[in-house]
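For reference, the chain that follows is the form predicted alone, supplied as structure tokens.
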Amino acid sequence: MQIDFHQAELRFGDRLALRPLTLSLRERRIGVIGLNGSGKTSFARLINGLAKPSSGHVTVDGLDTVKDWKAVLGRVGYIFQNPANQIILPIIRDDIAMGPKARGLKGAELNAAVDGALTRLGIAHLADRRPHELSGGELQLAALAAVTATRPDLVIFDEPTNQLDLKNRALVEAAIRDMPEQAVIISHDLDLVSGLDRVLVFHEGGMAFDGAAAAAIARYREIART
């Protein structure tokens, strides 16, 4: 999948959240790093239409995120920073079934989509559990199962390892590493970012670096020291 920004800018009233940006992305694993308030989340939300550019435009495989937003939403999944806010039904299996059901799946086909998502992530044992019974890492995996059950081409992660202990962080990192879908990963976890194909560094609403992970991390550290 190719993501293209064409002089895309994002403003909220008088506040500039993202300066005009032009770039193309097609790598399998793309990292996005930067200080808080640097424009990372604004950038990510423009990709799937959660935010609409104030000027310019964004396309996903040629689909405009404003004009073709329904088609884009069907191809781009989003995992929020707090997955507990994303899981809205009381039983994990039922929550995962929501997306495929909305796309017209029913009966055996629906069950296969849900079971496939659970099995693929190794969380079939969580199917009948309630969200409050799950650890942070298990919640992240349940949210990922709910998104991937709808068969997106791209998944956007917003701080997927935030506040996870080492065990749960390892579970989430392995899931991201092994998933076949393309991924854009916003993170302050530099260990996670270090293994990605391409990393963007944002600073004060603009892109400060675009390139290999090691060089991107070095640039981010320079910015953090100033």
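Note that residue numbering follows the sequence shown and begins at 1. Everything numeric here is computed off the predicted structure, so don't read it as measured data.
The form predicted together with a small molecule is left out here; the points below concern that form.
S.K.: Here the chain is shown alone; which of 182, 161, 48, 41 has a heavy atom within 4.5 Å of the small molecule in the predicted complex?
M.R.: Of the candidates 182, 161, 48, 41, 41 is the one lying within 4.5 Å of the small molecule in the predicted complex.
S.K.: Contact with the small molecule in the predicted complex for residue 37, defined as at least one heavy atom pair within 4.5 Å: yes or no?
M.R.: Residue 37 belongs to the contact set for the small molecule.
S.K.: Within 4.5 Å, heavy atoms only: does residue 25 come near the small molecule in the predicted complex?
M.R.: Judged by the heavy-atom cut-off of 4.5 Å, residue 25 is well away from the small molecule in the predicted complex.
S.K.: Any chance residue 17 has a heavy atom within 4.5 Å of the small molecule in the predicted complex?
M.R.: Yes, residue 17 lies within 4.5 Å of the small molecule in the predicted complex.
S.K.: Please identify, from 29 to 37, 161 to 169, 52 to 60, 66 to 74, the stretch that has a heavy atom within 4.5 Å of the small molecule in the predicted complex.
M.R.: Every other range fails; the passing one is 29 to 37.
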